[in-house]
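Next comes just one chain, in structure tokens: the form predicted on its own.
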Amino acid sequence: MLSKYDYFKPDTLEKALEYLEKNSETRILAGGTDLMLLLRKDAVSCEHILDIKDIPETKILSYTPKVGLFIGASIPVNRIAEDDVIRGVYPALCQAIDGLASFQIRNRATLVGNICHASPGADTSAPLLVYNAKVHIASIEGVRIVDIANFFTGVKKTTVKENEIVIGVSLPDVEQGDNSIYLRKARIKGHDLCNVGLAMRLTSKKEMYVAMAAVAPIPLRLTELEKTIGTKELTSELGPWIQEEIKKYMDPRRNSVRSSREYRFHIAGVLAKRGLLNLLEKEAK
């Protein structure tokens, strides 16, 4: 049975922020794919739910060449992945969305909800890291913008405070010739969190960016690995090297019910080699 709570659905950001200030321990509702499940299971209780879907700032999905992409907090992930322009510019992000749950759930789930839940295996986190995304967080003091690399603070923990709302995520535009890929391995296709998620991006300046999900308490951008790659010639001979090297940056859970540490180390190496070769192949065309 659902717990009893007050429900408020404001039509402006100002009303939402005022509500948050007056009501502590309020739960934010957008897609609801996590919150409603937890409520039904009595896994959480709350006195107040704030539905943000009518707030104009959260309903923006806009791509502007030379500027970039803004994804509002109420935008279902299927709207992102089904946009041909966005899929062409940010392929790794759309590939990560394609792997989320089922098509029906993706009609409800939001990208902002995916990162605010802060699961270590959040699929969209790794692509956002390689695209240098920024999280827009509003409070009555104004809007602060946080680099996605500084957003996650622990398992299911973020920098968002109790009186704040994430209104959206922005991604800088990419230059022509930029390529990226997202690869994942899960127990079953869809309906399951990834055991390992890997995003790789090769920019037009031949810079390689690498990020991973589900291999540590928080999603990781592997900046030290990127620096080392920058000292090497980008050829297929790098494949066996990165397959072993990437394991140095992982710290997967020892008591995970979904897979062992050893399995994640192995799969991460396989995906890293596969991702590198895929990007080099695209570049050669």
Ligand SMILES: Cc1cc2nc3c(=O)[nH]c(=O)nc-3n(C[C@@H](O)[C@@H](O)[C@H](O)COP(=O)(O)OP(=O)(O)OC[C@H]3O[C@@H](n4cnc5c(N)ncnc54)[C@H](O)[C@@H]3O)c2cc1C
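Not measured: the values here are computed from a predicted model. A residue's number is simply how far along the shown sequence it sits, counting from 1.
What follows is about the form predicted together with the ligand, which we do not show.
Mapping the unseen interface onto this chain, R184 counts among the residues with a heavy atom inside 4.5 Å of the ligand in the predicted complex.
Contact between K134 and the ligand in the predicted complex is not found at the 4.5 Å heavy atom cutoff.
In the predicted complex, the ligand stays beyond 4.5 Å of every heavy atom belonging to Q243.
Within this chain, N195 is remote from the site of the ligand in the predicted complex, having no heavy atom within 4.5 Å. With the partner removed from view, the residue among L238, M250, L29, I218 that has a non-hydrogen atom within 4.5 Å of the ligand in the predicted complex turns out to be L29.
Exactly one listed residue, out of A92, V112, I148, V130, brings a non-hydrogen atom to within 4.5 Å of the ligand in the predicted complex: V112. Just one listed stretch, out of 201-209, 98-106, 173-181, 81-89, contacts the ligand in the predicted complex at the 4.5 Å heavy atom level, and that stretch is 98-106. Residues of 119-154 that come within 4.5 Å of the ligand in the predicted complex, judged by any heavy atom, are G121, A122, D123 in sequence order.
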